[in-house]
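Let us start with two forms of the same protein chain, each given on its own as structure tokens and named structure 1 and structure 2.
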Structure 1
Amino acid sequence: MRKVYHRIIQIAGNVITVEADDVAYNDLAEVKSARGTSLAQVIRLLDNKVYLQVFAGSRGISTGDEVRFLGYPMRVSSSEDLLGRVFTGGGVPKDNRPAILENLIEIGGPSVNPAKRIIPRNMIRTGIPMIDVFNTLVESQKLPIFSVAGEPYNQLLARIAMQAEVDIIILGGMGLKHDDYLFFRNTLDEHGALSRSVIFMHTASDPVVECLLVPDMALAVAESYALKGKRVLVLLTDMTNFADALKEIAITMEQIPSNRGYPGDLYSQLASRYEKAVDFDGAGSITVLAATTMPGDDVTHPIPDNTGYITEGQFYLRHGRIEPFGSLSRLKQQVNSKTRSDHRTIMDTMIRFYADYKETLEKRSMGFQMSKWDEKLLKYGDLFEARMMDLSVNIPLEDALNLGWKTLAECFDTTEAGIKSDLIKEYWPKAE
């Protein structure tokens, strides 16, 4: 029997404070007021004072209202009936269909014991050449997409959700505009991917605390499916909104701020989510791909800076394209030597020539005379950007590698490519 408390000693923003015993961090409570019953979550314990974040906000709550602790943290169903469904950050159905209350599991648990993990070894195909060829996505990898506001990172995530060769997609949206929510839902539905997806969506008008719950909801469901042998891809957008929600709560709690006002545990908060990525020994896997908008395009900002220490590389999305310089998948060598014998050679050679192309662009902009070699590089750079970097290109890995050979052959001779003769003999396009 849980105790009921009839005295709220403080109301600050959407945080209320009561004096209570035998309460755990993250436990849920019901707050009964004149407007009805609201759900709240314990976010701080100090002596016998308990601080709760009210999901629906504190408007209409008075100091004499009733608070009843439920004795358990936020939970979510792990049923397969979740597939095709859309929920809020608090787990409430957003698709006007019934709630799912069976097989409830707690969210926000610890990451998997390293002894139960295996070394990443499988590629996740996306149909995007800049990922599949040059920065291969690997099962159980955790990667951010560094970008700025206005870049099509949500469109990129939606395309990956539609095309990625995985069993289940878990999409977590944080602080999104309503139009972005509709875009994700309608895009997945129209392309037949909604039936293998679970969506947890927090919009900018929803309570802040629900923004903090989205990654934990998504990752708890992903873990339950992965333990059943499923290959799960978790897509999160935007982790900057998640960090800003942490900041807002910390300010309300009058915590001593760290760098640029963010809480001192920002690194731990981010790491506890990203480290859920895992390839289980004898079961499935969880791969995490998360969009992170960099305020002011500043990679030294606390959010991308801390993220970079946690994750296994990053994708830079600039001017509507994944940039080859700066983007990195630290696990790609685990798989791209197993795809096709020419994969690593094409990757290295094309990037080398593209770097030379960039230098030639600088020479041309400074008025230097262009040599025949410079003209070849200029032609190559244009073809590379159109055939490989354009996000509208959608081809399988093998076709992308063949297109790479075709591009090299259209711009250079075999003696200029710097490629081993046995690969030239096997893959270099034959003259018609």
Structure 2
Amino acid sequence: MRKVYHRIIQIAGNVITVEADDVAYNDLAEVKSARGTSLAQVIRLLDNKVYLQVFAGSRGISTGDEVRFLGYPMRVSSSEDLLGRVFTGGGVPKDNRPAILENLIEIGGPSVNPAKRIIPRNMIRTGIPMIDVFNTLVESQKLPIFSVAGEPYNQLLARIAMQAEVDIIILGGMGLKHDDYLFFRNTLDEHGALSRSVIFMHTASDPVVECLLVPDMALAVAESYALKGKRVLVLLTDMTNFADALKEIAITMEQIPSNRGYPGDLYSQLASRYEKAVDFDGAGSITVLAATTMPGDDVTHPIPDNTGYITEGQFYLRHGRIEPFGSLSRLKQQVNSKTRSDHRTIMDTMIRFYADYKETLEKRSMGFQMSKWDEKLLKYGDLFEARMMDLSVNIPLEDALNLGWKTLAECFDTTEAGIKSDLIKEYWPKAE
């Protein structure tokens, strides 16, 4: 380790500038100030100027403070001992237990060669009809929950995590309320899952730069387990805080914003994290479930918009329910032809009628007379919401499909259903 100290010549936002030679891009430095010691990362080099992003923030740093370069980039342990442990975004233990320094690996590693990926093929069962029937979750999928503050997205994440058959759970918390952190930890504990989990937790009161590290730390650890053949589930919540932290650093670095202040590389930044989701040819898998809160409940806001372009679908959580419109699992067709022969048809047909129901609702709200057909749709819509959309429903896929047929038959006749005749023959409930 080098013992050269450097003087700070500029402090702006959470970025400090020092003059130094022989410093590598992306490497770490240690900044000692009256507030304590923080790590910092090299984010730009120009002539003899080195720009450092200070993990603990620049508050309280003085030009007289000392900076020491460590000569290596950010690393995290990939040891088995991580299981059951809680760390900060910077990798410091948050559970009063010793630090783990074995088997250090660099975070933010290179991408997987697409030739070493396989087509995802395993359904992840959740017992939630809106997911299992309509937007089937698949092992190695990357999928965010789009929601707004106040919705139970963390509860939904936790519920899916507890129900999913995976080997390892890695939780990356960004800007979480302390209560939410405790909720996750307790849920994992109650289900006996803590011992196969690793938590990287950045809470709202922690320095914002540490938030930026959480996904890379979580995903690097996930990758190391997946390479050992494990099926890993990574939960990232709330990715909006991550994107906002990116924006803050971009503004500090005087980058030209592209859209509502967000940097032009927001897409690439998010993608390099989400694309860590993988099903390896000859090793394990990483599934990434995230929460993305939509500022102003606006899906065209740059954060959900860029996210939607990257992930393999999204679940819209609104008014405590997963919305059928906008929600999408793009990998569902990899698995839903193998579940049951009626799966796809039920999925398509029920959604189509629900869309028609929504139109009828609109007509009714404008005071129009309801036709016989409208009456049928109204009945259907109520049943659909109660039997499929209500999050308290917890039934296996097969039961949900049967319930789908039952619902259709209660509302429509076979012609109106618009379903291929051979399926009607096989599944349409026979009149008693």
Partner chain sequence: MQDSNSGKIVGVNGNMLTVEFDTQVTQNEVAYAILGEDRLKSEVIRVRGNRADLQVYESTAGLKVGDKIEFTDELLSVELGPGLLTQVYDGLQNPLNELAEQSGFFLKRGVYLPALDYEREWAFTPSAKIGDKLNAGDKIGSVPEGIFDHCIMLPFSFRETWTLVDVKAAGSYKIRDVIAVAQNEKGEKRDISMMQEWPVKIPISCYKEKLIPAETLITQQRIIDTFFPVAVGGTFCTPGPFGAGKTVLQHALSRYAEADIVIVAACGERAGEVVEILREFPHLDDPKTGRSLMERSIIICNTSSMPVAAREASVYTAVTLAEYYRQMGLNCLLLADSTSRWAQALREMSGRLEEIPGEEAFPAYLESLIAGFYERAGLVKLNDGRNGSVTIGGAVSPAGGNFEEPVTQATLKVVGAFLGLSRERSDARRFPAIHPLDSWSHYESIVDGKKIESARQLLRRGNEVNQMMKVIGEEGTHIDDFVIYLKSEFLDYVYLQQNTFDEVDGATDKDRQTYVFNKVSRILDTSFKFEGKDEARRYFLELRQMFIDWNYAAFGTDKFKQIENGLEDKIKERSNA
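Residue indices: 1-based, along structure 1. Keep in mind that this is a model prediction, so the values were computed, not measured. What we label the rigid core is the largest C-alpha set whose atoms superpose within 1.5 Å from one form to the other.
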query	finding
Structure, 1 versus 2, that is the form predicted alone	1
Interdomain rotation angle between structure 1 and structure 2 - two rigid parts, degrees	14
Core-aligned CA shift between structure 1 and structure 2 for T415 (Å)	8.4
